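Quick heads-up: it's one chain on its own, the form predicted alone, in structure tokens.
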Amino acid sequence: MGELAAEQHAKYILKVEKKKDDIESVLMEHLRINGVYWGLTTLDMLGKLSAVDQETVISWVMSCQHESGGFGGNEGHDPHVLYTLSAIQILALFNKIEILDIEKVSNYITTLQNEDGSFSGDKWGETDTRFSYVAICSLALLKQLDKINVEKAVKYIISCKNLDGGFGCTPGAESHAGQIFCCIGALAITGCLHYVDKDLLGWWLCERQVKSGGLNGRPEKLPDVCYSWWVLSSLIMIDRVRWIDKEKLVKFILECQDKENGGISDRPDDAVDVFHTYFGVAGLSLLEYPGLKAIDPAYALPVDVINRIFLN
């Protein structure tokens, strides 16, 4: 099966975070703050977060904030709830949430809730269950969940449930593992998992495992390392993770590593990137792979970070 090339992955992350002029960095400029969250959380799970210049990162994150309270994906980019969550998560990793004007940030998120309980991603009004999760997760981390209509938010999420037990991005939309994570995560955070048919959903999720051991996001699709997070975390939250073959999934993730240069790809022998490196390591953490810090399946942050926030 091989082992996790932890040192190489840490070096890869640190190298990528310093690049700003290569083609990959230019193409991902608009969501750099997401990439920083993926990279830093990976380093933390690997026990290497101290290798990062904390003050430089925090200063850059705060430079992405707008007067509205929301954060953009990079300096000079428009604010969006997706990037706002990443900013909060990065600060949480460093135990620096208190430097935020919490009232201002939470007010920005609150204004994005619509009359039907859904959330828009930004001022332009696109709705998606991703944004419901992101808003709920953000406000929970800020301890400001009471600022929104939680009952309406939950009701909207439930309206996106399908006959197969899964959830889509809007009512009537196709079930997808990424959207299922968002809906189950939001319901877990709000204490509303009793609305889920756990056996029906668990069956749909466990059917995502293919012969190679990897997981896909929808029926008849190829496996992808990122679903090691989306599917696995959902199965854990509904207590049905025993329904998949964990050993085969570990083997699949490890086969997607670049053991020489570091990084994890979507499938074996493909090009590595920070996104799949994070989700690969996070998936292994959920599978209790030795040497990795535990990660919380709902908040997508190390368990010790979540305990620090909610138990202090």
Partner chain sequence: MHGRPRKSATPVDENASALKAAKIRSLQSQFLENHHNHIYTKEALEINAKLIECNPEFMTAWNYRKLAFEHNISSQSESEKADSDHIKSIVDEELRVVENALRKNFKSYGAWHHRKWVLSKGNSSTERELRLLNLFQKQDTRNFHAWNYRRFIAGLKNISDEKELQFTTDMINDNFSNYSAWHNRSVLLSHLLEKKVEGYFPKEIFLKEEYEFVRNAVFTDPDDQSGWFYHLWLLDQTVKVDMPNLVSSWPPHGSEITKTTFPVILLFNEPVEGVNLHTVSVQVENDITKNTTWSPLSANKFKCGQAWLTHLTIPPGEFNSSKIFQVKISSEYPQGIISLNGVPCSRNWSFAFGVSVCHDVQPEGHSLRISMGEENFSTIDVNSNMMNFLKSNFDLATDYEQPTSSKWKSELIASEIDQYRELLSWAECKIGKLTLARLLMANDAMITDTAVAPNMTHVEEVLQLYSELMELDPTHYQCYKDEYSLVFLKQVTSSKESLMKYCCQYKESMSLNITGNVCLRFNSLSLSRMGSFERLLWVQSLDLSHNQLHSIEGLEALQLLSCLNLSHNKLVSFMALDPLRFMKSLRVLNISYNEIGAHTVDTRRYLCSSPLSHTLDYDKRFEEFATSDEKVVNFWDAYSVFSGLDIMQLDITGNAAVDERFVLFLVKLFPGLKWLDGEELH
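Keep in mind the model is a prediction, meaning the values are calculated, not measured. Residue numbers count along the first chain shown, from 1.
This next part talks about the form predicted in complex with the partner chain, which is not shown.
When the partner chain is placed as it is in the predicted complex, which of 202-210, 111-119, 98-106, 85-93 ends up with heavy atoms within 4.5 Å of it? Partner-contacting stretch among the options: 202-210.
Taking any heavy atom pair closer than or equal to 4.5 Å as contact, tell me whether residue 5 reaches the partner chain in the predicted complex. No, residue 5 stays farther than 4.5 Å from the partner chain in the predicted complex.
Using a 4.5 Å heavy atom cut-off, state whether residue 266 contacts the partner chain in the predicted complex. Residue 266: yes, in contact with the partner chain in the predicted complex.
Do residue 250 and the partner chain come within 4.5 Å of each other in the predicted complex, heavy atoms counted? No - in the predicted complex, heavy atoms of residue 250 and the partner chain never come within 4.5 Å of each other.
How about residue 303: is it within 4.5 Å of the partner chain in the predicted complex, going by heavy atoms? Answer yes; at least one heavy atom of residue 303 falls within 4.5 Å of the partner chain in the predicted complex.
Which of the residues spanning 77-91 lie within 4.5 Å of the partner chain in the predicted complex, based on heavy atoms? Contacts from 77-91: 77, 78, 80, 82, 83.
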